[in-house]
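Only one chain is given next, in structure tokens, and it is the form predicted on its own.
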Amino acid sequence: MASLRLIASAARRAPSTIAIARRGYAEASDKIKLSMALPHQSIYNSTDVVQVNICAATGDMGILANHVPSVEPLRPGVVEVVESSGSKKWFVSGGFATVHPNNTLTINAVEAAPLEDFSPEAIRTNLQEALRVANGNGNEEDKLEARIEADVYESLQHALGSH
């Protein structure tokens, strides 16, 4: 609470000559510099792309050039990277997307793999096993882990169904 009062008092003392940035619309030629990284690998490194569609915790959203800066937690789902030459879809298990000023987007994901690398049969089998454990008589920790696993497999199944 004290930090809110500090911020409020600092805002009252701030000079009134602060320039306010105006939000505009992206032009077709505008690009975003995308960096997408996993703990063990960099997938994109300041690569110019047209648009990135993410699976934010608050809902799916598309990010174009001149997007308002924000930080979005990612839920398990598809991140689609649209380049001039086509698009590539990645399944991410979670992470964060940070939209920076100056048309820069950083995605830090726990795990990610190209959507086409997944087998619908393997997902269906693993989902059934995870649900069996989650609904079984095991200890609570195993059941909770299996429920999280099942949620990810359900998200993967949904992503492949809409692919």
Partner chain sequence: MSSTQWRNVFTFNKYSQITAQAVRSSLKETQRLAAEKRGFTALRYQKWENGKGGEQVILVPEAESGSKKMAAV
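Residue numbers count along the first chain shown, from 1. The shown structure was predicted, so the numbers you read here are calculated from the model rather than taken from an experiment.
The same protein also exists as the form predicted together with the partner chain; that form is not shown, yet it is the one meant from here on.
Using a 4.5 angstroms heavy atom cutoff to the partner chain in the model of the complex, none of 64, 67 and 158 count as contacting. Interface residue among 119, 45, 128, 104, judged by heavy atoms within 4.5 Å of the partner chain in the model of the complex: 119. Among residues of the shown chain, residue 50 is not one whose heavy atoms approach the partner chain to within 4.5 Å in the model of the complex. In the model of the complex, at least one heavy atom of residue 111 sits within 4.5 Å of the partner chain.
Not displayed here, the partner chain is approached by residue 123 to within 4.5 Å at the level of heavy atoms in the model of the complex. Applying a 4.5 Å heavy atom cutoff to the partner chain in the model of the complex picks out 140, 141, 144, 145, 147, 148, 149, 151, 152, 153, 156 from 140 to 156, in order along the sequence.
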